[in-house]
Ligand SMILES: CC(C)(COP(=O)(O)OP(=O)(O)OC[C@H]1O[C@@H](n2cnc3c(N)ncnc32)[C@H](O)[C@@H]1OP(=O)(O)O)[C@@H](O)C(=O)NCCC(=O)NCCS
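As a starting point, one isolated chain is supplied in C-alpha cells, in the form predicted alone.
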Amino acid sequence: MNHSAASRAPHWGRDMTGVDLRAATPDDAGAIARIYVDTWRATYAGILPDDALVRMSYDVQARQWRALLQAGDAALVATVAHSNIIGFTGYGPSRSRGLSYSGEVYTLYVAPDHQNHGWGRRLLRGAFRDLSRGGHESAIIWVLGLNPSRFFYERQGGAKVVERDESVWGVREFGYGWPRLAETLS
C-alpha cells in the first residue's frame, strides 16, 4: 500500500460550500482517528459486535494513521475553516486479486455531524482524480452489506460487482466498482 500518491495529490481548493480538499499529512492522524472511530461507532452499532466498537481507541488509530501517512500512503482530508478536518479518504492500488479494478478506495469517512452535505462525494471524486492521474483506469471500494451508507456509492455511479465474507466478523461485504474512472470524472 506504500506509494507516493499522497505527495503528488494536489490541493484541490475550496469550493462553494467552504470545504477545502488537500493531501493528508502525518499531523492529521489524530483528527482522522477521531472521525474513523466516531463513524465506526455510529455506523456499525448493531451491525458489528458492541465490544469491538467499544474497544476502538483514538490513540491506537492515530498511531496507525500516522504510520501509514509517514510511509507515503495516499489520503485526502476535507477541511472547513482551513483546519477542522471533517472527512477523509484513503486510496491506492487495488488489494483485490483476480478483479479487473486497478485502483481501490480503502476508506472514506465523513464525521457523523457533517454527513449528507456532499463532502463524501467530493472526497470520492478527489480520490478518483488522484487514482486516474496515477494511471488507474478503474476503482473498487468494499462496503459492509448492512452499512446503510452503501447506497451512497450507488448514487455516485458505483455498481455492486462482487460480494464476499468480511474476514474478521464474517459479515457480507459488497464491492462497488467504477470500470472507467475517466467517464466518472467527466
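Computed from a predicted model, the values in this text were never measured in an experiment. Position 1 is the first residue in the sequence shown; the rest follow in order.
The discussion below concerns the form predicted together with the ligand, not included here.
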query	finding
Interface stretch in the predicted bound form with the ligand - options 119 to 127, 22 to 30, 132 to 140, 61 to 69, non-hydrogen atom within 4.5 Å	119 to 127
R155: touches the ligand in the predicted bound form, heavy atom cutoff 4.5 angstroms	yes
Non-hydrogen atom contact Y101 with the ligand in the predicted bound form at 4.5 angstroms	no
The ligand contact in the predicted bound form: V110, any heavy atom under 4.5 Å	yes
Contact flag, P148 vs the ligand in the predicted bound form, heavy atom cut 4.5 Å	yes
